[in-house]
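One chain comes next, on its own, written as structure tokens: the form predicted on its own.
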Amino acid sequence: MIGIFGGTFDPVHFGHLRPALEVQQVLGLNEVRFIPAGQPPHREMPYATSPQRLSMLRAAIEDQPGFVVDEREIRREGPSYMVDTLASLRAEVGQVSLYLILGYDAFLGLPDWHQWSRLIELSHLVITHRPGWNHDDLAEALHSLVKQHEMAFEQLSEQAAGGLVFVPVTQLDISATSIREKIRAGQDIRYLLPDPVYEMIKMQKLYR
């Protein structure tokens, strides 16, 4: 069972890492693959270079069992569409269960993604949210998706794709944007991200 966690990771921080760890533990995932976007289609290009983002990500997760870095989107030319990433993974792993991990904000924007309706054909969707939240007011397309595909956690491992679950996780109010802004303002970013990433940013004078 493989979790997929995409993003620009510009830089990676605890707001990425803690939810990924909690999903791994709750669902019993063998592996969580962090996949940095090469050319993100829905936002501006990353500030740090691809090698810098990869180095920070590897340093952040090197001591966590089951966390790995996957470079396929950076190596692939053109926009980093998740549907292409999942299709390439599916071709590699066969009928192993795939779990695409999405934050709630990303889930709300899902209908704007390239070929978004194919995602659940290629993987399960795991939507993380803060405890106590409910999804009663979703847009019609997402409400229909939930109604058709939501299932219990224990059912997911019985099939390779096609399920949707909501997982409450610790929500840390940290963003890469705010970290970059703090750096530009001369503020200390310690304790917002792993120490090895903090040291890399300082040593290489990133985001200034």
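Counting begins at 1, following the sequence as shown. All figures in this text were calculated on a predicted structure; none of them were measured in a lab.
Below, we refer to the form predicted together with ligand ATP, which is not included among the displayed structures.
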property: Triple contact flag T8, P19 and R43 to ligand ATP in the model of the complex, non-hydrogen atom at 4.5 angstroms; result: yes
property: The single option of E77, D136, D112, D105 touching ligand ATP in the model of the complex, heavy atom within 4.5 Å; result: D105
property: Selected contact from Q64, Q148, Q155, T177, since only one has a non-hydrogen atom within 4.5 angstroms of ligand ATP in the model of the complex; result: T177
property: Answer range among 137-145, 168-176, 25-33, 66-74 for contact with ligand ATP, defined in the model of the complex as heavy atoms within 4.5 Å; result: 168-176
property: Contact test in the model of the complex: P196 vs ligand ATP, heavy atoms, 4.5 Å; result: no
